[in-house]
Structure formats: structure tokens, C-alpha cells
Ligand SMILES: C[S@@+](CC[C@H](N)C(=O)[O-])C[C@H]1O[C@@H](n2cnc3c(N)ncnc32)[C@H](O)[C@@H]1O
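In the block that follows, a single chain appears as C-alpha cells, in the form predicted alone.
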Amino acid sequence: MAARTTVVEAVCAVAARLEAAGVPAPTVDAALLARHVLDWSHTALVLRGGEPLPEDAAARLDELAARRTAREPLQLLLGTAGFRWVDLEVRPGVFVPRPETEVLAGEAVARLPADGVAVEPCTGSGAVACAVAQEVPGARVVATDVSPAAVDLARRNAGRLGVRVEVRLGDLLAPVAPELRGAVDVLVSNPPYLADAELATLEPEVRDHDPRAALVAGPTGHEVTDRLIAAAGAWLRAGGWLLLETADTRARATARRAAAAGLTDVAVLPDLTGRDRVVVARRG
């Protein structure tokens, strides 16, 4: 009888398949898929890697490897995405949070008073809102999205994490309580910021799986950020902050638009890869 494939051998084989398909970080993805099907920790995977891979796990791993080879996002295969200090549920049809947006969330946390108010339009899975609510538990955090699926998932994530986030269905600031007008300390958003023509240039994981409405703002890519910049003066308190994630190719232009709208202390911050990503501006 032939010896069964060990866990380590299976991981190496999956990594080779992923690499051949052009998947970034194939070894990491292969290990994470193996941990997922085996329900093991990282330590267990290292210590028990020489064990034979159970047949049912082998079949499941092969299925997930095929889907990852087809460039389905790893997060959707695992059903979760880590974001700062929280672990979020992710689902098809809702924008998948990614590490570069952790910079945006961190800036919101750093600028939000302990008892302040943060509003996050375009919340998607609720990643930024949940992270802010967890790290500044005394704050009032409101999140909005035009997608019912996103609102449902963001509410679910907030409930799972036990954090206080008011998640409301609607366009940008339209569903936010009028009493918060002029009282917001941090207006933070990772809105759609791509131009129509840029969609085709994206990695398949993003282009083929994230909702188009969560990616593309319009012909120029500035359409949604311009609306948020225009609204900031009315919704922020004096000294409050507008924080926007945007494309590295238009971050400087977005900053100039914020300054032209009368916001002060405008700056562009890099993401984890060093690319211009977050525009920060303050209401004077």
C-alpha cells in the first residue's frame, strides 16, 4: 500500500499549483488553506506537518486550491479576514477588507477622542468601524453603506465582536442622525475611488470578486471623494478630521481638492507598501 501524502507534502504541492497560476505569496496561502481544512493552529501545522493528510481534508484542500488557482480571494475561501486586532467575517458580494486600509483605521483611532464621534460611510464589511469601536470603546461609531448585503454583514461583524457600531443603510451621510451634523470628530471612509477605465487593470481577486460599486467612483475616480470633501465642513466639528483612502495616482489631487474646499492641515500618508494612500484634512 502506498504511503499517504503528509500534510507538509500536500502544502508544498498546493504551493506549487498556486505559484504556477501566478498567485502572490503561494506558500503562505497554501499553509493557510491547509490550516483551514484541518482546523489547526500555526503551531500545530508546524509540529504535526509530518502526519498523513486525512482523505476528507485532502479532498477539501484540493477543492480550495482549485478555487484559489482560479484567483478567488483567499479571504473568501477562509470566510474571514484579519484586520488590525479584529477577525472579520467576509462574504461574496461585499468588499473584502485588505491590509492597506489598516493605515486608514489607525489614523482614525489616533485622532478620535475617547468619547468622540466617528462616522464611516462606505463601510463594506464594517472593518474600519469595528476596529475603531474596539480600540476606542467609549466613542460613538456610525457606519453607512448603500448595499443591503454590506449593512447586514457589518452589523453581523459588530455583533460577533461585541463592539458598538450603529450601521445604517443609505448613501454616504444621508442616513446619519441630523443631531450629529457639526459634531463629528472623525469622518473616515474607504470609498469607491477608481476611474471606470482602471477596473480592467486590477488583480483578478479584486476585479472579479469585489462589487463594482465598491470599487469604481465614475469617469474620473474623484466622484465620491469629492462629495465627502464637500460634506466635511457641515458634518465635522471645529478641529475634526476627514480621512480618506484613495488611489496612489490621485492622492495628491485629492489633497489639493480638500485644501481648495477650505480644509486645513492637509497631508498625504503612505500605506504599508509606501504608496500614497490616505488623505487627511482638518476642519479649521
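Computed from a predicted structure; not experimentally measured. Numbering starts at 1 and follows the sequence shown.
Not on display, but discussed next: the form predicted together with the named molecule.
None of 158-166, 68-76, 132-140, 117-125 except one has non-hydrogen atoms within 4.5 angstroms of the named molecule in the predicted bound form; the exception is 117-125. In the predicted bound form, the named molecule sits within 4.5 Å of a heavy atom of residue 213.
Residue contact with the named molecule in the predicted bound form: residue 192 places a heavy atom within 4.5 Å of it. Under a 4.5 angstroms non-hydrogen atom cutoff, the named molecule in the predicted bound form has residue 170 among its neighbouring residues. Though the partner is left out of this view, residue 227 does reach within 4.5 Å of the named molecule in the predicted bound form, counting heavy atoms only.
Contact residues in stretch 92-110 (any heavy atom within 4.5 Å of the named molecule, taken in the predicted bound form) are 95, 97, 101.
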